[in-house]
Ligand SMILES: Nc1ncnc2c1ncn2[C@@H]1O[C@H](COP(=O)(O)OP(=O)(O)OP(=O)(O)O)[C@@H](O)[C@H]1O
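For reference, the chain that follows is the form predicted alone, supplied as structure tokens.
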């Protein structure tokens, strides 16, 4: 669904990604892994049109994305959830959902809100609570719900489990699994819980220094002791 070929990208004159090529297949979870500062967030931002692309091609179902502004890319079917600032903390849960579906008819907005409640039943009882009062995990699930209001083809999640308790990490990653298994979404997951992400995903990409060092089967990366030790903190051996 997403094909990236030879992409050089960064911020202004500061290049972060170097000759990045990778694919994310339809209906699969692709894990984007790597040490801090490796370019994981920059890769997702580049797909979403938030960086400068110097060379290369980024395509969604054959449609070129590079050079398009984020709002056009969103309309083409990509939802991007950054690690922070992914919802309106001063608004209620209800208002956040309404904002994400502001272009929909009232009937369609109601229908999609109900679909969000089916995935996240707890939100129904929190409609009038300010988003700022939610826990970190609840905020992540609300932000995913907001993305689902737009019925994207692709959902990109940037470190969705950062700073969460171990129990909530499992809860959020289970939601990611359900997005694929129950709803057929294509997911790009930049994640710090390496082992959990590799066991969850269908495809894995290892970024180091802005370059793709590995792309392929997650189990192969999980069992690669050298790469795991050097770049993913998976212990010795």
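Positions refer to the first chain, counted from 1. Model, not experiment: these values are computed from the prediction.
One more form of this protein should be noted, the form predicted in complex with the named molecule, which is absent from this view; the next part is about it.
Comment: the named molecule is not present in this chain, but in the predicted complex one of 193, 201, 186, 42 has a heavy atom within 4.5 Å of it, namely 42. Residue 37 belongs to the set of residues with a heavy atom inside 4.5 Å of the named molecule in the predicted complex. When the named molecule is considered in the predicted complex, residue 16 lines it closely, a heavy atom lying within 4.5 Å. Although the partner is absent here, residue 138 lies well away from the named molecule in the predicted complex, with no heavy atom inside 4.5 Å. Contact check for residue 113: every heavy atom lies farther than 4.5 Å from the named molecule in the predicted complex. Remark: of stretches 58 to 66, 165 to 173, 29 to 37, 178 to 186, the one touching the named molecule in the predicted complex is 29 to 37 (heavy atom within 4.5 Å). Heavy atoms closer than or equal to 4.5 Å to the named molecule in the predicted complex belong, across 158 to 180, to one residue only: 159.
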